[in-house]
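There is one chain below, alone, in structure tokens, taken in the form predicted alone.
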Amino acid sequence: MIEQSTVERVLAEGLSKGAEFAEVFVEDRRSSSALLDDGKVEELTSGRDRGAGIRVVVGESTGFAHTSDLTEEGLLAAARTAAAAARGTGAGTTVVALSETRAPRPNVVAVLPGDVPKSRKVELLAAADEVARAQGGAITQVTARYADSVRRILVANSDGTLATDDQVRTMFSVSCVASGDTGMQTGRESVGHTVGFELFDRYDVEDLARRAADRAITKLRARPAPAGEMTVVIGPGGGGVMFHEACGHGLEADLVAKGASVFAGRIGEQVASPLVTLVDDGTMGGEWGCFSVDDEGRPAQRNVLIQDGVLVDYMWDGLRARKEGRPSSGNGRRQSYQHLPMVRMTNTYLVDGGSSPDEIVADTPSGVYVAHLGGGQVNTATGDFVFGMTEAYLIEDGQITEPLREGNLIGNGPAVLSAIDAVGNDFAMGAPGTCGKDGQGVPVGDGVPTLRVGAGLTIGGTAA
């Protein structure tokens, strides 16, 4: 993307005022999307964004500048600006010798999305719309979306790192609205992977549309969700977002250092049920949050955070790892070249257990089965959270029975971790997600097997 000799001169410029660390991050991103709403193509867009961010560190001070000018003159100017912002006081010449970081690619892309005609992408949207509407007259609105991106990055720093990565992501979603005597209900299905257009060799958009429509229609006959503390069984895949939000963010080293995590200072302690092993893994081939190297040039890793209920480590980016004299865990991520990296999750999931999912439900006399969770709010300092239940059912006499209208799931992350009393053997990843933190969004994945929380979760429903 840029000549190595140019990168070396830019790094030297960043160090020239006495800085202890300098970094160049270059990004070239191409993206396209298409939206079909009520049978009409409302959006058909494509774009390209390229530029570089220069970071310079002096003690506790960080200077950062970004530019879309990738000429040597433009990069040197950005490096001088970052160095000045970092308030370096020294002077002199520093020579940086770069050596290429080689990391295995988590997947192979077979068909680049840019090589596929836009007409083919629109055909997928139209097919999904037709099938969704064919599920019944109750379906009154269908929205289908296609999106892809190709992101090339180069990372080099004064420690000698030189790394590159190509990240290709493709996704598809269908949202349906069903109308009836009880009002309007929604159903949604989405799929996304770090792969090319071959995604549609693995997934049938008509099947996605059928499931989204059926979910919306089923919810028309749903009863109000109950209210109060109940036993909750969370289904495979769809409940992973709870662990991402309620536990994962609290295990990011920057929040720990700020004292904004309920898990701060608890390494080596039992923080969860012995059935719980929580992992963050950027190497999961094809998953939405996977990559070869992170946005600081560190190879992606599989990091065990909680092992058999014991907290064993946090997630680390390069800057915080340097301060602690330890290696990065490959969790330094940024939204774009215009942003500084920070500690972020990749694919966060609960490891399989040994129980049959059918047995877990059968051993639950009463409660709520949550198939899918939606968005929510979390206080990382206390672990308290509220999530929306987008698909849930009653459990009565050990059987999943009536569907429930959307309600809230309320609890506390550490309390929920400790109250997990059964973990299934049917692990699945959930839908692709975008994680927001400090104004930045990055692609992430999450997943769980079927699990049961015996206490500590409150259903915020409206049933009397």
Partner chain sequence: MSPEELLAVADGVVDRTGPGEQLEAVATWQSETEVRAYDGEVEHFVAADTAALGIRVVVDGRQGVSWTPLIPGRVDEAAVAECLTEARDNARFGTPDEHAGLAEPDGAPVAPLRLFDERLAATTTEEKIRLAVELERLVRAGDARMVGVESADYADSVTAGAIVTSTGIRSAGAETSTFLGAWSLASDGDDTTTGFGFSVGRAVEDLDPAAAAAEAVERAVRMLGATKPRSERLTVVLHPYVTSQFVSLVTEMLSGESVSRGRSPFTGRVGEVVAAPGFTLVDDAVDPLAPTASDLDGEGLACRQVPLVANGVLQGFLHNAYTARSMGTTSTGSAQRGSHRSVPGVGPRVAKVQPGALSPEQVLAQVGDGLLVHEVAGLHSGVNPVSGDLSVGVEGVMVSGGEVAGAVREATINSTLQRMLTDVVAVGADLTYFPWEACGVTLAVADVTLSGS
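Numbering follows the first chain given and starts at 1. Note that the coordinates shown come from a computational prediction; the quantities given were computed from them, not determined experimentally.
This protein has a second form, the form predicted in complex with its partner chain, left out of what is shown; the following refers to that one.
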property: In the model of the complex, Gly388 touching its partner chain (heavy atom, 4.5 Å); result: yes
property: Proximity of Phe64 to its partner chain in the model of the complex, heavy atoms at 4.5 Å; result: yes
property: Partner contact for Glu396 in the model of the complex: its partner chain, 4.5 angstroms, heavy atom; result: no
property: Close approach of Asp37 to its partner chain in the model of the complex, 4.5 Å, heavy atom; result: yes
property: Partner-contacting position among Ala362, Leu112, Ala257, Ala134 - heavy atom within 4.5 Å of its partner chain in the model of the complex; result: Ala257
property: Contact assignment for its partner chain in the model of the complex, among Pro104, Gly325, Gly265, Gly228, heavy atom within 4.5 Å; result: Gly228
property: Answer range among 373 to 381, 265 to 273, 302 to 310, 278 to 286 for contact with its partner chain, defined in the model of the complex as heavy atoms within 4.5 Å; result: 373 to 381
property: Residues of stretch 17 to 45 in contact with its partner chain in the model of the complex (4.5 Å, non-hydrogen atom); result: Arg30, Ser31, Asp37, Asp38, Lys40, Val41, Glu42, Glu43, Leu44, Thr45
